[in-house]
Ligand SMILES: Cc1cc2nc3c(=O)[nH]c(=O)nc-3n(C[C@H](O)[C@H](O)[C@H](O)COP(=O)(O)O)c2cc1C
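Form predicted on its own, single chain, as structure tokens, below.
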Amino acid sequence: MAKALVAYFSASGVTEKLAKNLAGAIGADIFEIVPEQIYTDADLNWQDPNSRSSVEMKDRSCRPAISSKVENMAQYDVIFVGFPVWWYREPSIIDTFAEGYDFSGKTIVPFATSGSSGIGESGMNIGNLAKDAHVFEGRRFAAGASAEELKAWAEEYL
């Protein structure tokens, strides 16, 4: 069986809960993608065009800094990358993560949380940044997805 990592960014705790359920269901290691500068409620106000998240999402080259790195990424075969959907795609900090490692020959599987938006082109975007990785389209889950549902989905990639 492949060695798996669940790496996730969660701004409000919804994605964190899902990521922990996924990691537990498949016996994967877990890594939280924590920004060096934590997002405040004001930063996350998508209705304010001048909020930090709005500004970051308008600039596709934006790469918010991450506070720590995965130790020994080479040991993992499959990396599940979780995030909330922002503006119909992955948050810019996920782009920072995708560019931060050598993913050659690895499988990357995005998963997302959202009230209603789909995962969009996140898989393609991550694939363009994580050179030489096999990146799947991924899937959006409801916040309350069960461990059984997550395990059944994830086993396709393990």
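Bear in mind that the values here come from a model prediction, so they are computed numbers and not experimental data. One-based numbering along the sequence shown.
One more form of this protein should be noted, the form predicted together with the named molecule, which is absent from this view; the next part is about it.
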| property | result |
| --- | --- |
| Answer option from Gly105, Gly27, Pro49, Gly115, heavy atom within 4.5 Å of the named molecule in the model of the complex | Gly115 |
| Heavy atom of Ala23 within 4.5 Å of the named molecule in the model of the complex | no |
| Heavy atom of Val85 within 4.5 Å of the named molecule in the model of the complex | yes |
| Ser146 within 4.5 Å of the named molecule in the model of the complex, heavy atoms | no |
| Ala11, heavy atom within 4.5 angstroms of the named molecule in the model of the complex | yes |
| Heavy atom distance at most 4.5 Å to the named molecule in the model of the complex, all of Thr96, Val109 and Glu137 | no |
| Segment assignment from 116-124, 59-67, 129-137, 30-38: heavy atom within 4.5 Å of the named molecule in the model of the complex | 116-124 |
| Partner contacts for 50-67, taking the named molecule in the model of the complex and a 4.5 Å heavy atom cut-off | Ser53 |
